[in-house]
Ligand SMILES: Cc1cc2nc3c(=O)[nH]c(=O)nc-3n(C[C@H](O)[C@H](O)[C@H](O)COP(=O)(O)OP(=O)(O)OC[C@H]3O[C@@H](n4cnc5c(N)ncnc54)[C@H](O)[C@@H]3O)c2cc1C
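We begin with a single chain expressed as structure tokens, specifically the form predicted on its own.
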């Protein structure tokens, strides 16, 4: 049975679909003269698409952030660690927070930590885990900034139980475009707070945040990995695992006819389950240094043939079918160790297409895979998770149901085929009540956005009150007209 039918444009030959090509941007106009605190740089997102020449500043203090924002004569983009995949944190004039990294306080009795926005999640754990506290929500990497985690309202593998990152923020300090600081919380300024949480950095610059951490007995997890022979079996296992306080994720072999996979389910490991002589003891933060690799030449090594071979090897390789004790970083933040993955896609990088679908539309998921197989556009990586209730973030991505992340090469000659396929899928996702993850997106069309985000107009109203002169901007904002102010 077909659960969707991609819409073809009758004006295009051979069943092609309309697409929105990804082209490099090298905007120079409007730059102010370079100073000691200003440099020109070519930057991109983690997916390594759209290299863009920008004016970049790296302030170290809140006062410097205020001055730079209030005195800027052109629109400003706030940038954290640069781990969003595409153009969410890129603009002509970027203020980067990577030197704004003080942990202002940490209460080991209550688990409340107060940190500046450029602090990474790993930095927080370096302080908190030895005291028995960790972040309730971790995305696939801990090398993102606190400000970025809030602005994207990131999620982890335990969304059913812990929700999104923003739901654990007790309060934050936001530098408004005027330079004034507004201290807000869900209780004192709910509209502004939930417009900033998931607001993609377009309401101002987050200066600092107080976050409620989660008590842990150890920094280890008991993890099992189960081979499945179909996507339906993977979905059943993931959904069943949400009945316990677990982290769950499924890898799907998108090249296989039955969509076999691996489902990893992890639960907190109690102290009595740990073996002796663990490195660092029961509460070890285990900081990992990120190693950056240059993109491989040309189109890299990711293609349909290599994907099929790698998937077959991965499915058959299983070191231990029984539960094993692993450090939480091994199970929860697999992207911490290396930037080799985007480098493998070659100089044009990768496109990640992550969407969410409500539970009532879950039958679309295997149909989408089979359709992609039929047009020979198989993703190099497919990761499946289950979501619980939505947060109050007006542009927050998760909704009750499923999320699937698909990685595709951004290299030619497959790029056009990929983009036309994804453009067709946008309509399928929107019609089924789903949405695309803004922190990962680099090719969605502006007219699709209101169909996916029902609170968009409300967010735009609040945002325009916080930034009436439209000083906060980004390439993402321009492309999708998030603010409603771009023609």
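Since we're looking at a predicted model, the values are computed, not measured. Numbering follows the first chain given and starts at 1.
Same protein, other form: the form predicted in complex with the ligand, not shown, and the subject of what follows.
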message = I need the one stretch from 233-241, 88-96, 343-351, 257-265 whose residues put non-hydrogen atoms within 4.5 angstroms of the ligand in the predicted bound form.
response = 88-96
request  = Give a yes or no for residue 439: in the predicted bound form, does one of its heavy atoms lie within 4.5 Å of a heavy atom belonging to the ligand?
outcome  = yes
query = Does residue 125 make contact with the ligand in the predicted bound form, using a 4.5 Å heavy atom cut-off?
reply = no
query = Going by a heavy atom distance of 4.5 Å, is residue 140 a contact of the ligand in the predicted bound form?
reply = yes
ask   = Heavy atom to heavy atom, is residue 46 within 4.5 Å of the ligand in the predicted bound form?
value = yes
Contact residue in the predicted bound form, chosen from 368, 195, 213, 144 - any heavy atom within 4.5 Å of the ligand = 144
note = in the predicted bound form, the residue from 396, 364, 158, 117 with a non-hydrogen atom within 4.5 Å of the ligand is 117
ask   = Taking heavy atoms and a 4.5 Å limit, what residues of 193-230 are near the ligand in the predicted bound form?
value = 200, 201, 204, 205, 206
